[in-house]
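Just the one chain here, the form predicted on its own, laid out as structure tokens.
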């Protein structure tokens, strides 16, 4: 006896739903499994006792503290600079017709898709070998310093700020600013008093995502600033520990980075980041 057509449709939809659910579970297991498996490499009770009861553990805490402070300071400075330039640029891209928009978008987005090592080589070539003598004459050193870390982070994280803020402006109607201008506001006043407040949550979400991207940057910093105690932000610290064969210390440092990144991502989503397309 043949099954009714409706029964076949229901079974097909059920199979399709199970297939989608299975793919989601596999994706979750791949990401969560890798992170949890990495964290499980460390015997945490033993590691905590070692950290707080031995001279070597105290040295490890000082190193991690230095890296956390350096990461927070440099990524914070990077985020501020990215927003100072990114907000006006995003406003222009959202509200005005720029010539050759595909070319402009491609140039701005290139750092996002470039291999990080290429970004580091570009910074090293231009700021050290081309402009290095000029900076040396002024007594300013950029490479191998915290200034260089900020520039390396900015090169990659800046485009994220522009894209996130542009999405925030795209989500707000320009009609409100047009009404403000009919009431006597200049374009600048409409931008400050209407455009920015309406896009506030999106800008904050973009700032958080820019900070998270900056704090996790590794490749350009490695090439442009090298891997040393002076430039040991958290990703560089992980590299140093693993290069020395201290896998457990690298895992612990990685867990610190994961916690910071997860916290930033939760804040990003709470501020409406799900609507932003990066």
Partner chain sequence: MIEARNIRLRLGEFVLDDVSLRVNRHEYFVLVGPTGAGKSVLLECLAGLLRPSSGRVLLDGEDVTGLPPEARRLGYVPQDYALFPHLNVRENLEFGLRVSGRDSEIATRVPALAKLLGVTHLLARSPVHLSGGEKQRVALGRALAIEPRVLLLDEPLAALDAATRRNIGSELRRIHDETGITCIHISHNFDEMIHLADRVALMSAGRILQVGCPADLLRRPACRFAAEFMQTENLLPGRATAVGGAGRVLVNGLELRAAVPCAGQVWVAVRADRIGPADNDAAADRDVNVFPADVASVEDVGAGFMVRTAGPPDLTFLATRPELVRHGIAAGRRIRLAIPPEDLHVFSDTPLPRGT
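Numbering follows the first chain given and starts at 1. Small disclaimer: the values here were computed from a predicted structure and weren't measured.
Note that the form predicted in complex with its partner chain isn't included here; everything after this is about it.
- Mapping the unseen interface onto this chain, residue 179 counts among the residues with a heavy atom inside 4.5 Å of its partner chain in the model of the complex.
- Residue contact with its partner chain in the model of the complex: residue 198 places a heavy atom within 4.5 Å of it.
- In the model of the complex, its partner chain sits within 4.5 Å of a heavy atom belonging to residue 184.
- Shown alone here, residue 194 lies within 4.5 Å of its partner chain in the model of the complex, counting heavy atoms only.
- Stretch-level contact check against its partner chain in the model of the complex with heavy atoms at 4.5 Å: of 113-121, 184-192, 204-212, 141-149, the positive one is 184-192.
- No residues of 112-145 lie near its partner chain in the model of the complex, the criterion being any heavy atom within 4.5 Å.
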